[in-house]
Structure formats: structure tokens, C-alpha cells
Ligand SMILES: NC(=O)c1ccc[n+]([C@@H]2O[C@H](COP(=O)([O-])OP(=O)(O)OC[C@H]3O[C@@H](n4cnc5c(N)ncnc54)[C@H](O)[C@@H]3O)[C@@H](O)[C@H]2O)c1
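The chain below stands alone and is given in C-alpha cells; this is the form predicted on its own.
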Amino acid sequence: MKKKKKILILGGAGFIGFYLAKELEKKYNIVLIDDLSKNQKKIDNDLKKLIKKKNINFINKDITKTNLSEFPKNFDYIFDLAAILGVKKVIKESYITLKNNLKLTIKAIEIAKNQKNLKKVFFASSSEIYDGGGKTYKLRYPAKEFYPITINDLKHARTVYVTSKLTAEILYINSGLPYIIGRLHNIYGPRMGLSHVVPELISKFISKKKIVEVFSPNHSRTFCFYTDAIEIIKKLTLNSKIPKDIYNIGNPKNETKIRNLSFKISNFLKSKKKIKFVEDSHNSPSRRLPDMSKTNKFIKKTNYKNIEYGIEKTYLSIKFK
């Protein structure tokens, strides 16, 4: 019987990490490591069911406080998904965000370098990297991976997040590792928490408040349902023929303004609540739209779920939680 390959997922209890493990658990032996800081230090019911599987091992640890000698050296693939994120949290704890995200990346690279036969390591970067260049050079969207990168405002607290991601990319590129850097564009769906725009708006519409505040109404996004993102991540990382490089991950179709997203959610819920549009105060990127041509050269084109499908699935996960 062929021995199953072994996968390490750092940040394995999080949104992407959980679904990635769920997708891969039938074919691989998987170790999930997470300090549960994004889960209020609790193991939720979905994670409880997953880690009961024989070939999944969950370790509740902060990897930055763990000795390198404690990690096995026989992982075939590593997914580095551990990071502090969420606009409000980043702004409130800007120094801690930058410091800890860099510590997480450096430890992840050390773990990867310590492996005897590592085939690929995936790092989850962000579409926010394009924002500075887009504004400074007035670049055309959709954003291509080779676009020049600029940091907008060093004094703005939100800048620490994109700085941590950009620095992490540079570290991976110079690490000598067989890396895949995925710049994620607005991945959403059930179990991601309420601090992201789609679930946040849904929760506002089903709350008892009579007025729904919608921030950054004129900003636009293309939203990618998590199942599509997981499929792309899996294909990029687990295929030995795909070269180490930076790849966009997202849905290039149906770019939507936040105001129109709020109308879609309102119509789906048959809500009669008044919508109040509020200008953004967090230096948010005005546009996120990935060019997927480079990614699609190496994987089959994705049959993306539409936003209406994603809204319904996300709503059901919130309503009946």
C-alpha cells in the first residue's frame, strides 16, 4: 500500500486552513498547528469533527514560541497560512501585527528549510500589495503579478499588514525554498467570522438594528468563494510541474461595488431596512481585481461560483450557527 504524503498547515484552525485540511484529508496525513487566537482559544464543532479523523493531528501551539527541534522533518508540503488579519484588529494592534506576522513567517521558513524532502511550501499573501502601486502609477486593473509595488503611507496603522505580507514575500523569494506565493483576493464564505465584508453585511441585515451602515460604498471587489480558492491553491501547490513564483488567486469575474453588494444582500434577504452609506476611514484599497491569466496557464480555468450562491451559503452558516 502506497504511503500517504504528509502535509503541515500552519494556521490550520483558520478559515482557509480548515477548508484546505477538509479537502485534502482523504489523500494525505495532515498536521494542523494553530494557537486558536482567532477562535477565542476554543475548538469549534466543525474543527472538532475534522480533527477526529485518524489521519489528522491537531496541535494547539504558537509556533513562534516553539523550538524548531519539536517539528518533524518529514513533511512533503507546507501551507503557511498563519497571520494576524482583520482591519480593526490590525489598526488597533499595528505594532504587534507587524512584529508577530514577521516572526510567524521567519519561523515557517525555518521549519520548511529543516525538512528532508520538501516538495513545495505555499505562502498566503494578499491583494492589498497592489494598492500602493495602483494609486501611485495609476495602473490598469485587473492587477498583474509583475506590477510595481509601492507602500502608500508609512504612518497609517493599516500599512503594517501589507508591509508584513510584502516582507514575507521577499523572505520566501530569497529563502532557496520551492515556494508558491498566492496573492489572495477577497476569499469569503462560511466560518470566516463576521469581520469581513460579506458576512459582516449579512449580519447587519439580520440584526435588530433598523439602519445598515455600509462603508466604502464606491470601492469595488471581485469576491471568490472559498471552494474555488481552495481548488486553485491545491492545484498550484501539489503539482510538481508548476514553477516557484507569485500567483494571483481570486475570481476575475463580476467586479462589484460595495454599494451594489449591499443591495444584492438586501434583496436576497428581502430586507426593508434603510441603508446608510458611509465613507471609509481605514485607507482601504479602492479596487481589487486579479488578472488570472498567469495562474490559468498552469491550472485549468476555474468554474467560479457566483456571488448570489456565496451570499446564500454564507447567510445559512450565520443564521443557523
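Numbers follow the displayed sequence, beginning with 1. These figures come from a predicted structure and were not determined experimentally.
Missing here is the form predicted in complex with the ligand; even so, the following discussion is about that form.
**Q** Kindly confirm or deny that 14, 83 and 161 each have some heavy atom within 4.5 angstroms of the ligand in the predicted complex.
**A** Spot residues vs the ligand: full contact, yes.
**Q** Choose from 213 to 221, 130 to 138, 117 to 125, 68 to 76 the stretch whose residues reach within 4.5 Å of the ligand in the predicted complex, heavy atoms counted.
**A** Within 4.5 Å of the partner lies stretch 117 to 125.
**Q** Please tell me whether any heavy atom belonging to residue 36 falls inside 4.5 Å of a heavy atom of the ligand, as the geometry stands in the predicted complex.
**A** Answer yes; at least one heavy atom of residue 36 falls within 4.5 Å of the ligand in the predicted complex.
**Q** Is residue 187 near the ligand? Define near as a heavy atom within 4.5 Å, in the predicted complex.
**A** Yes.
**Q** Determine whether any heavy atom of residue 286 comes within 4.5 Å of a heavy atom of the ligand in the predicted complex, and answer yes or no.
**A** It does not: once the ligand is placed as it appears in the predicted complex, residue 286 has no heavy atom within 4.5 Å of it.
**Q** Taking heavy atoms and a 4.5 Å cut-off, does residue 64 contact the ligand in the predicted complex?
**A** Close contact exists here: in the predicted complex, residue 64 approaches the ligand to within 4.5 Å, heavy atoms only.
**Q** Sort through 232, 177, 198, 192 and report the residue having a heavy atom within 4.5 Å of the ligand in the predicted complex.
**A** Of the listed residues, the single hit is 192.
**Q** Using a 4.5 Å cut on heavy atoms, which of 104, 98, 168, 143 is close to the ligand in the predicted complex?
**A** Of the listed residues, the single hit is 104.
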